[in-house]
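Consider the single chain below, provided in structure tokens and representing the form predicted alone.
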Amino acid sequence: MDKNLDILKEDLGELRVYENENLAKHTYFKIGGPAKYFFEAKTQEDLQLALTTASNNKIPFILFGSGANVLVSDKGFAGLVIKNRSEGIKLVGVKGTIGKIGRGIKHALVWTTAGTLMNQLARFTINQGLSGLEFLLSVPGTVGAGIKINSHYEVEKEEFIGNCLSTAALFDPKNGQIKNVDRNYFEFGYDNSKIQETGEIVLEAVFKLDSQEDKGKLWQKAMEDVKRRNTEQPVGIACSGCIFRNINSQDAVRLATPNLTTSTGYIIEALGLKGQKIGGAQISDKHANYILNIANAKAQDVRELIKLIKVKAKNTFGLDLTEEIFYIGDFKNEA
């Protein structure tokens, strides 16, 4: 008898809770073992019910968005995986002036659920003539995950999702409570936010965006970013985005990198590791901060490549590289 399974099926629906769901199907890496329990939240009500049920009954759980920026253990996850499929975007407020020639909107507030894809949010805001999030066009992942890691594109231009955040609703798994916070609560940094430490979960968010009269300029900028990413990064192959955070500017100066680049891709390439393979995993020969699943790779293969990079970076350049991806499951007996 499985008490946790009985609780989940009673609260979430007999036919909606799956056992031993293959998580490789739900990640960009196409890697990972099974989830003991699996549930798809299709609405905000579904999501809050699943989170509350797991929290109140002390059932280990983790929330999945689109499965980007994660590496799931080959052993899978011995608890409940909640896949957030609740999507929604709408305008909830505008600020401006109304004169003889019509309304001059300066700012607008856009509400969205955490399960909405960042790409969808970017398209919506561009079509509304609102600037600030156009750099998210074609970026993988959901809004909730994007806020958690403070998704970005051109860091030197301060293009961070957190810049435009106004407020958010958070679920606290420690007490099962929901609270509303403003952007200052997150203490955003590069690839970082406070909720990475607190474990709180974004349910929904409101962004404050500036009005842009010329939508064409927004689309042009967004498409230029997409074109550049497709040129510089691997496309059409299973991977999980950048593996490591970029190095800091002090280390770039110390190492006298070209144009003082902070790119960890440059560092890995300088170590001679581009194209390096272990098992079914390979360091991309297009952008060295990407690891590719080229032949049914295991999480163990990826972990060994990560360890190789970190050891060589430390021994050669005195760098302590930090992963950008999140680990899910049991990696105790892996590299």
Ligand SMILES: Cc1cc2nc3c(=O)[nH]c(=O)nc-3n(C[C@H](O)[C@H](O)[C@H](O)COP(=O)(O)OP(=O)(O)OC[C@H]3O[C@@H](n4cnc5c(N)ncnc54)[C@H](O)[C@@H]3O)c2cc1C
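Heads up: residue numbers just count along the shown sequence, starting at 1. The model shown is predicted, which means the values in this text are computed figures rather than measured ones.
Heads up, the form predicted in complex with the named molecule isn't pictured, but that's what we're talking about next.
The contact with the named molecule in the model of the complex, taken as any heavy atom within 4.5 Å, belongs to A145 out of A145, L133, V110, L165. The partner is absent here; in the model of the complex, the one residue of I247, L80, A114, I126 having a heavy atom within 4.5 Å of the named molecule is A114. Residues within 4.5 angstroms of the named molecule in the model of the complex, judged by any non-hydrogen atom, belong to 56-64 and to none of the other stretches in 56-64, 265-273, 293-301, 278-286. Taking the partner from elsewhere, Y153 is found to have a heavy atom lying within 4.5 Å of the named molecule in the model of the complex. The shortest heavy atom separation between Y18 and the named molecule in the model of the complex exceeds 4.5 Å. The named molecule in the model of the complex comes within 4.5 Å of no heavy atom belonging to A205.
Contact annotation: S240 falls within 4.5 Å of the named molecule in the model of the complex, judged by heavy atom distances. Although the named molecule is not shown here, in the model of the complex the stretch 177-204 places heavy atoms of I195, E200, I201, V202 within 4.5 Å of it, in sequence order.
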